[in-house]
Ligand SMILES: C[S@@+](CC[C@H](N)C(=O)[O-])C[C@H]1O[C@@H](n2cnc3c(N)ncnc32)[C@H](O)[C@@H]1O
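A lone chain, given as C-alpha cells: the form predicted on its own.
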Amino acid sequence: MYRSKFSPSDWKFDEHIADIFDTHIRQSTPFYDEIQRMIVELANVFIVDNAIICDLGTATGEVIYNLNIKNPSRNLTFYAIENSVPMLKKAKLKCEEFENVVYINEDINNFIFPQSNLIISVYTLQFINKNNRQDIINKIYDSLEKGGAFILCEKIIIDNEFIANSYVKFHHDLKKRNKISNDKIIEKENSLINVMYPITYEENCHIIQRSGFSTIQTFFQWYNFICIIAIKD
C-alpha cells in the first residue's frame, strides 16, 4: 500500500501553497469557477450601496476581487480575514487596484465581526474545530443586518459508507482528469486528516438554524461538496 512521505498534520497554507493555490484549487475543487460566479450572482441580490462584506478565509482574494469587478461604484467595504500571512499577501496583490479592502490577519475564532450585509465562507469553516463551529455561526448571525445573508461552501461527510466511498472515488477521478497524480492525491488526503473537520449537511443546517437563521437554501451540490445561503429574516 502506498504510504505518504508527509504526516497528516503537514498541510499548511504556507508560501508554497499560496504560490500554487489558484491553480491547485481549480484542479481539485469541482466547478470552482462556476461556484465563484454563482456567489457573485447571489451576493449582488443582497449588496446595497455602502454595504459591508466579510470574506472568511479570503485565501488569495478571489471572492473580493470578483465582487469588486461587478460593483465598481457601490462604495462597498470588504473585510478580508485570513490567518495565513502568505495567503493574505496574495490577496493584497490580487486586489491591489482596490482601496476598499481591510486586510485582517486573524483567526476566525477570535475575530470580532463588524455589522455586515453579507458574510461569505468558501471552504473555510471545514478547517475550524467542530466544537467552535456553533460559536462562529452565532457571531455571524448576530453581526448581520436584518435581510443580510451568509453564504457557506463546504466539503461535507456522508453517513452512508458505500455512498461516501463512491463520492471519494468520483472526486479522485476528477483530480486525475485535471492532471493530479495518484501519489499527490493520497499525499493531500493524508495531510488533511488532522486539520480538516467536515460535518454532514444536516449538521451544517442544524448549526445554522440554531444560530437564528430561518431561511436556509442549498444552491449548489456536487457529491460531497455543497453551498448554502442563509438569510437573516
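Sequential numbering from 1, following the sequence displayed. Source: prediction; values computed, not measured.
Another form, the form predicted together with the named molecule, is not on view; read the next lines as being about it.
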{"query": "Proximity to the named molecule in the predicted complex (heavy atom, within 4.5 Å), stretch among 169 to 177, 204 to 212, 25 to 33, 44 to 52", "finding": "25 to 33"}
{"query": "Heavy atom within 4.5 Å of the named molecule in the predicted complex - the one residue of Y123, F98, Y103, Y141 that qualifies", "finding": "Y123"}
{"query": "Position in contact with the named molecule when the complex is considered in the predicted complex, options L118, I137, M87, L152, heavy atoms within 4.5 Å", "finding": "M87"}
{"query": "Interface membership of N83, the named molecule in the predicted complex, 4.5 Å heavy atom rule", "finding": "yes"}
{"query": "Non-hydrogen atom contact F127 with the named molecule in the predicted complex at 4.5 angstroms", "finding": "yes"}
{"query": "Close approach of D159 to the named molecule in the predicted complex, 4.5 Å, heavy atom", "finding": "no"}
{"query": "4.5 Å heavy atom contact, L67 to the named molecule in the predicted complex", "finding": "no"}
{"query": "Interface residues of 91 to 120 toward the named molecule, as seen in the predicted complex [heavy atoms, 4.5 Å]", "finding": "E106, D107, I108, N109"}
